[in-house]
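Coming up is one lone chain in structure tokens, specifically the form predicted on its own.
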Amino acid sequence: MKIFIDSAHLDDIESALKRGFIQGITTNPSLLSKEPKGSFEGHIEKIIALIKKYRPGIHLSVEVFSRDTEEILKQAREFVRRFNYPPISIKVQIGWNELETIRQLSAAGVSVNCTACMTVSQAMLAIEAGAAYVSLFWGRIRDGGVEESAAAAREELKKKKALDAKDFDPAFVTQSVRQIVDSGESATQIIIGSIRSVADIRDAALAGAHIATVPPKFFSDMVKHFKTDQVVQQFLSDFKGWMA
């Protein structure tokens, strides 16, 4: 499974790029809103400059910020033209009208990352519409099964048999989408977002995700282990005693 960084923070992106383990970068409007106000295009261009400096050719996903289909098309085409970075994917949220947009962009040769997918059925439709990537939101899928604020909507969909209990298990959803991808002719890749812990990253890999896009705060926990520190310290101490 590939590791992407889920961030718009330039220092965090550069730090990860320097270490060579990330194979892509994903951004979204919420991540960008945490950065100092300025030019959206200028900020993305700074990210691309960092990619070209450290890991030329890795993936970059940039999200549209509209639900209007014509505006999505306009933004997507402008992003492709303006940034002129061939490995870019345009993130388009799943939705009835958005499926047509995904189809049009895909037919025009634009790589689409269909984002905010929570269910197998959403992913199925995005795949058939031509999405190069489907982004399943691991933590939010799990939240959907327990959030009190969503109880009425959840129960309504259960009554309609549009969802059942398995639809709130992110591992089941990921495994099912991977099975659909592998059993067909699609080259769509599964990206897992909404990561809440290192355990989520492990479980996403075991469930068959092609990619996990990880907030930078989890990278240090991924590399640390108290037994590693203990063993390394023993090695150094033993060698120091031998040298004395």
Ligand code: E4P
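Residue positions are given as counts along the sequence shown, with the first one as 1. Only a predicted model underlies this, so the values are computations on that prediction, with no experimental measurement involved.
One more form of this protein should be noted, the form predicted together with the ligand, which is absent from this view; the next part is about it.
At the 4.5 Å threshold, heavy atoms of F168 stay clear of the ligand in the predicted complex, well away from it.
Put simply, F137 is close to the ligand in the predicted complex: some heavy atom of it is within 4.5 Å. Although the partner is absent here, R196 lies within 4.5 Å of the ligand in the predicted complex, judged by heavy atoms. Although the partner is absent here, N28 lies within 4.5 Å of the ligand in the predicted complex, judged by heavy atoms. Heavy atoms within 4.5 Å of the ligand in the predicted complex are found in exactly one of 46 to 54, 65 to 73, 173 to 181, 186 to 194, that being 186 to 194.
Residues from 213 to 231 that approach the ligand in the predicted complex with a non-hydrogen atom within 4.5 Å are limited to T213.
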